[in-house]
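One chain follows as structure tokens, the form predicted on its own.
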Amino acid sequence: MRTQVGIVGAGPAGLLLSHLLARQGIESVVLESRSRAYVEKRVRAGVLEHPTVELLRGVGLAERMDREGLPHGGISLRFDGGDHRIDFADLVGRGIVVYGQQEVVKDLIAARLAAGGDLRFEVSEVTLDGITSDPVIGFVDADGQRRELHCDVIAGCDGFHGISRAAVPGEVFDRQYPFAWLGILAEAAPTHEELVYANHPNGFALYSMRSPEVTRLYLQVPPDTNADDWSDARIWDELQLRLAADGFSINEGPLLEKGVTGMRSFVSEPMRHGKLFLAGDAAHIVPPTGAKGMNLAIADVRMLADALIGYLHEKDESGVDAYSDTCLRRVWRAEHFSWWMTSMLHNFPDEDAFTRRLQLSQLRYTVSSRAAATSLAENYVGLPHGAAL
């Protein structure tokens, strides 16, 4: 087999890269270890930054998002018994759209298949060879046949646990947080139009939604928490307590999903080795507090697509040579913002009274200073793709 770009991983990064390349006449093959049904149902992030939304609209992928997505013009920070809205529309003139990652994946798969794209699910025993010279991806197809895919370049979009990250030598930056999120997906209509981030003495809580019928909610818990130890009643009681505010209520309903997500910050530098390019979670992970994970992956592949188009069409290597450094500037900006949001809103096990007062001071300043609120809004809705950071 031969193609121009071999893409490992059929998440948002790999699928969008294939779509962007195809629009410019560049062939690709996407390889995914999971089944199509699995990746289309895998619930992950739900917040799309303004630049992400504009990109999806610009490349013909926004019809269902514009019909079913939930536009938001702000968020609330809830602490010390009060609720404080950060008005994105007023502060920066832009907003976000809540639209689940799995829905983006469904749209991308449908678009690639409709255009005759080569997507191969349920592959196994993937190997990467010839990375610095003539790249070859070895794999066992879903039919059990061992195959070799020869390509000009490889895009590693297979996440933190995939094979691509380990094939790029370099430096790793890693921070583990001393807490996790217990998340639920509930069949219950949202009672609030925007996300609520709550700092409470019992720990952080997040009120979110996925559709007019489904809410997504999170509780800060110890990192070794077993979700089965939390009954439905206990979860709802704790959510009601941590998110309490005058005039605010939470609809309760059957749980569709329950799980624990660890919190970490991770960056692997560089994001390129030879003809292998990393994108998305294969190169970086952010704690979900800042809603940056999927958006960073999409920013990566937008940059990578432009670089590969120049390289494969014009033999111009300037884009591929600049790819890693350019992406990492955005990555570290997002890492800082996500760390800042996480540190401001969560309770730390070793937190003393002094630290707690500093945290509350930061929250009060953020909601009372237009400059501070604007900085939060600007980062949350997303800095423009290609901005000098």
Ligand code: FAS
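Note that the structure is predicted; figures quoted are calculated from it, not measured. A residue's number is simply how far along the shown sequence it sits, counting from 1.
The protein also exists as the form predicted in complex with arabino-flavin-adenine dinucleotide; that form is not presented, and the subsequent description refers to it.
Taken together, the three residues 12, 291 and 297 all come within 4.5 Å of arabino-flavin-adenine dinucleotide in the predicted bound form, as judged by their closest heavy atom. Interface residue remark: residue 336 is not counted as part of the site for arabino-flavin-adenine dinucleotide in the predicted bound form, having no heavy atom within 4.5 Å. Interface residue remark: residue 218 is counted as part of the site for arabino-flavin-adenine dinucleotide in the predicted bound form, having a heavy atom within 4.5 Å.
When arabino-flavin-adenine dinucleotide is considered in the predicted bound form, residue 45 lines it closely, a heavy atom lying within 4.5 Å. Proximity of residue 39 to arabino-flavin-adenine dinucleotide in the predicted bound form falls within the 4.5 Å heavy atom cutoff. Just one of 57, 329, 34, 64 comes within 4.5 Å of arabino-flavin-adenine dinucleotide in the predicted bound form, counting any heavy atom, and that one is 34.
A heavy atom within 4.5 Å of arabino-flavin-adenine dinucleotide in the predicted bound form is found for one listed residue only; from 92, 111, 168, 163, this is 163.
Contact with arabino-flavin-adenine dinucleotide in the predicted bound form, judged as any non-hydrogen atom within 4.5 angstroms, is confined among 247-255, 280-288, 308-316, 169-177 to 280-288. Using a 4.5 Å cut-off on any heavy atom, the residues of 128-159 that reach arabino-flavin-adenine dinucleotide in the predicted bound form are, in sequence order, 157, 158, 159.
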